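The chain below stands alone and is given in structure tokens; this is the form predicted on its own.
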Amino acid sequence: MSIEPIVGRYLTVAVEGEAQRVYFEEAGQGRPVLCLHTAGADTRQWRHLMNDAEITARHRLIAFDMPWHGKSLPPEGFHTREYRLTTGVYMETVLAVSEALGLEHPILAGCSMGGRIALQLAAMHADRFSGFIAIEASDFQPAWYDIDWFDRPDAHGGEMGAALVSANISPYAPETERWNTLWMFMASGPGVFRGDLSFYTEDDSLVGRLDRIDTGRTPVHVIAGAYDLTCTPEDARRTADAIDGATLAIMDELGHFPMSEHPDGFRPFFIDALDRMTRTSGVD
């Protein structure tokens, strides 16, 4: 029997004047790294890295469930509204959580929609962070699927979401972790994945903001999996090339959810990314 070092708690923050009770987990000590999950999922995607003693010996990893996700309940009166994530709400939520936890210029590491918002924050609020690790991230991709299928009375939205994302998991992913990853989408709340994807596939505001990112002050490292059909290596390369000074790594045997689908394969890329943040910003 073993007890994991991950500790989970709740905090309450205000986003657009509305109270949000947010669940977060943390492990380790040292330089803070705020970790963002993908669309339709939750903090469990980061559990392998948070259990990695080598990483947490020098880094305090903090991951939180966005409102409506995982253990973070929707706001009061959620049953009277449709959930649709926006860039403004997303940025405000990340900044509010970081401030509430008293994080001093953390590294921001986000995957998929979390990688997209990491780049938005690099453009709009770089002074609040010391570096950005944008995983499976690009400036914009229009949907190649109909998101309305995730909100039908004759279909299970969670299973529909899992079926969609299964194509973005690498064939090299261990079977157990493939299904652990898919389970998070199966368990997603009604309409949540659809609401996340509306942000991911409809808001193209980052395209006009990439030139605002100053990697001379705050480093940006983009990581993409070769088996990602949603944010392809070409998409990631196009985005990194548009950011002066950004660096890029392509993971030959990984897909769209590297930290959960194949944690051992992702581990060296994440350690390298953390090292790049330290070397570039001069933090010990």
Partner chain sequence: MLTKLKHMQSALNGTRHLLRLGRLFSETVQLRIDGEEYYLVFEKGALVDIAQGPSRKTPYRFALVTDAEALERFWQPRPDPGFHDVFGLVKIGRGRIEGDILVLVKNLRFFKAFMMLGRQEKGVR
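Numbering follows the first chain given and starts at 1. In this text, all values refer to a predicted model and were calculated from it rather than measured experimentally.
Quick note: we don't show the form predicted in complex with its partner chain, though the next part is all about it.
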property	result
Exercise: I147 in contact with its partner chain in the model of the complex, heavy atom 4.5 Å	no
Interface membership of F140, its partner chain in the model of the complex, 4.5 Å heavy atom rule	no
4.5 Å heavy atom contact, M186 to its partner chain in the model of the complex	yes
In the model of the complex, P171 touching its partner chain (heavy atom, 4.5 Å)	yes
In the model of the complex, the one of T215, T56, T247, T232 near its partner chain [non-hydrogen atom within 4.5 angstroms]	T232
Its partner chain: the contacting residue among M124, L210, L164, L95 in the model of the complex [heavy atom, 4.5 Å]	L164
Listed range touching its partner chain, judged in the model of the complex by heavy atoms within 4.5 Å, from 31-39, 44-52, 222-230, 61-69	222-230
Full three-residue contact with its partner chain in the model of the complex, heavy atom 4.5 Å, for D264, R267 and I271	no
Its partner chain in the model of the complex - contacting residues of 102-133, heavy atom within 4.5 Å	none
